[in-house]
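Presented as structure tokens, the chain that follows is alone, the form predicted on its own.
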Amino acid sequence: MKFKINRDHFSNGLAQVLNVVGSKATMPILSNVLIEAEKDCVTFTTTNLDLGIRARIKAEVKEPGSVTLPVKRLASIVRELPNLDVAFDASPNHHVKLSSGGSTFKIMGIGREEFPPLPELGDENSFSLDQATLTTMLQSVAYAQSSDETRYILNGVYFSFRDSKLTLVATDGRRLALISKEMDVAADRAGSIILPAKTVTELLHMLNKGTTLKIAFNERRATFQIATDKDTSGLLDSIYLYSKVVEGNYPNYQQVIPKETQQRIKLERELLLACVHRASLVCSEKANSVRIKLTSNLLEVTAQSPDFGEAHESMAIAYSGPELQVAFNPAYVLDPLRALTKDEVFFEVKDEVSPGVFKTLENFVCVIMPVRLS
């Protein structure tokens, strides 16, 4: 196998597939990237058996072929090569010679026979989406995923394609974030999956490289064909992402969303974000809550910890309801406010022991459990 490739394109291609490989691979081959050369491109593939990624980069292929090499070491070498022009030459015994300017590296590889192939999916349930839309939706909910492995069913984002809309949900049991978007979903194509947290992270890393993507899934796995713009990075047409899904039934999230709240206040997102952030600076592990107090046309945010001190913030609002006070973990308030992009949010609350709810006009809901006021 022989090809010539631009160093920066080579490095970019490896960067697309690098994160899948963990530091403790169960088999040596899972630490490697499969490199395949044919026609005018080189394909890079990595997998950890739960998640796999394939990306194609343009190259000048002189002899087609394939080999696998340790991906992290290879990526470090390629980044440091002195010249833009890189020559790659693999012998039949899987020894690779890498040349660039005055630098030459000889690397021991493994044959492709041991490399597990990435499963391809048919069109069981397939949908086309806009990449920018999915990015916004994922960012709106991903922070609410659980990291508690004993509740593995919550360790991901729930995708539901039904009732003429796509709904994304994430919850860790103390807060829940949901966003939905109208789309054409035929009744016989309806379905849902739970996408693992690691896959969500990788997906966000890859999106916005083009305009569209195609998702296909069944009850055990999902694939994403992510279209890429042919730009200066050397990427060709699309990146392919394969993932196992979290198996099991997602809890009934609808019953967590309050059916009625007494008060609804329109707020400036960035102003509230700044107030809560500043107030949270005095919080400690033992006293990790901020109080939100509503009085006539005023919202006050206070926090205190016995070993540090206290903070008080206030902002003018349009409010004429009864005086009300409720406390939350500051991170649960800050996360949705940071993730959203619209200036206007609505805060709904009933009393000091009921959940607080953030909403936008774009079908976004975030439910936060309160902290008991002492």
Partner chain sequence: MTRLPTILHLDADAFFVAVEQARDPSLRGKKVAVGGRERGIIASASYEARACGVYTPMPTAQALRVCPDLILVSHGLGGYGAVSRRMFDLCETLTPVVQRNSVDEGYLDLGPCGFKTAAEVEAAARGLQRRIWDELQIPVSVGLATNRLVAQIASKLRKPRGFVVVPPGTEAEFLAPLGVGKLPGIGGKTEAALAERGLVLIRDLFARSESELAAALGGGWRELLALARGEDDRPVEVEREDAKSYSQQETFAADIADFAEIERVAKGMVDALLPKIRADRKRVRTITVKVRYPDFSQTAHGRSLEAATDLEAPFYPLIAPLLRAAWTQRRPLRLVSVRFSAVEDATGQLEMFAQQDEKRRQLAAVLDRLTGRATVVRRGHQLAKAPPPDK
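Numbering follows the first chain given and starts at 1. Small disclaimer: the values here were computed from a predicted structure and weren't measured.
As for the form predicted in complex with its partner chain, it is not shown, yet the points below apply to it.
Residue contact check for residue 286: one or more of its heavy atoms lie within 4.5 Å of its partner chain in the predicted bound form.
Among heavy atoms of residue 116, none comes within 4.5 Å of its partner chain in the predicted bound form. Contact annotation for residue 266: none of its heavy atoms lies within 4.5 Å of its partner chain in the predicted bound form. Residue contact with its partner chain in the predicted bound form: residue 329 places a heavy atom within 4.5 Å of it. Note on contacts: among 93, 255, 249, 164, the single residue with a heavy atom within 4.5 Å of its partner chain in the predicted bound form is 255. This chain is displayed alone, yet in the predicted bound form one of 220, 106, 79, 151 has a heavy atom within 4.5 Å of its partner chain; that residue is 151. Picking from 276-284, 233-241, 183-191, 166-174 the stretch near its partner chain in the predicted bound form, with a 4.5 Å limit on heavy atoms, gives 166-174.
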